[in-house]
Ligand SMILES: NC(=O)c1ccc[n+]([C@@H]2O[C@H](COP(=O)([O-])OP(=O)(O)OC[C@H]3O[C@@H](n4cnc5c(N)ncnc54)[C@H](O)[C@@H]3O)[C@@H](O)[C@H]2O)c1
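Presented below, as structure tokens, is a lone chain in the form predicted on its own.
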């Protein structure tokens, strides 16, 4: 991706940054000159991302830490480490998520429900809870949360996933209003089908994902994570200075074409 934004001298925190959209966003922030603190699960994946950024963007500083976003103590410690390392965090991307079990709601267990809500919704709550006070103190910032196309529509056999992603939009809308006059903007992205590990796990494999979703995509293809990362950078940048409290659908036209009929 050719960088179109200048984050030189700024620091970005990416939570859920080892694979898929999160990794693509971390690379895009690095290309735009931001120093990075990336968090996620998987030490090997985190080291691989650090190695790639150090090789491609040697002027950028990057740190990685494993974190389980279900733990408030873990999320608190992560933010303390990020603030200590860079002095300030100018933008945060809360992206950690899991697809959960795909099944009719009456076949799901409480454990299935708890996992997806704890990661996809509570994790973003914890992120904003520890980002907003810092941004209030430093005089502003931007936050981008990851929802989903399934956060604006229902889809059979993914009821709990949809509920968690609808919840992300509710958190985003409400928190944005709380800080709108404090120079803090909070928005969400709502990606449609994107070729990530989450998509392939949701549908049981890459080909299965293509077979399921391609017939409903007017553009005739699944998104590359780098395309979603461009929207993240736009919302994190001053180019979107009058946008807050929004959930931006980025799905190749599937929703307006009737993707809810899948």
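Residue numbers count along the first chain shown, from 1. Computed from a predicted structure; not experimentally measured.
Quick note: we don't show the form predicted in complex with the named molecule, though the next part is all about it.
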query: 4.5 Å heavy atom contact, residue 141 to the named molecule in the predicted bound form; finding: no
query: Touches the named molecule in the predicted bound form: residue 18 (any heavy atom, 4.5 Å); finding: yes
query: 4.5 Å heavy atom contact, residue 69 and the named molecule in the predicted bound form; finding: yes
query: Contact label in the predicted bound form: residue 169 to the named molecule, heavy atom within 4.5 Å; finding: no
query: Triplet 131, 135 and 185 all within 4.5 Å of the named molecule in the predicted bound form via a heavy atom; finding: no
query: Per-stretch contact check against the named molecule in the predicted bound form, the hit in 103-111, 174-182, 158-166, 79-87 (non-hydrogen atom, 4.5 angstroms); finding: 158-166
query: The named molecule: the contacting residue among 197, 218, 58, 204 in the predicted bound form [heavy atom, 4.5 Å]; finding: 197
query: Partner contacts for 91-127, taking the named molecule in the predicted bound form and a 4.5 Å heavy atom cut-off; finding: 95, 96, 97, 98, 119
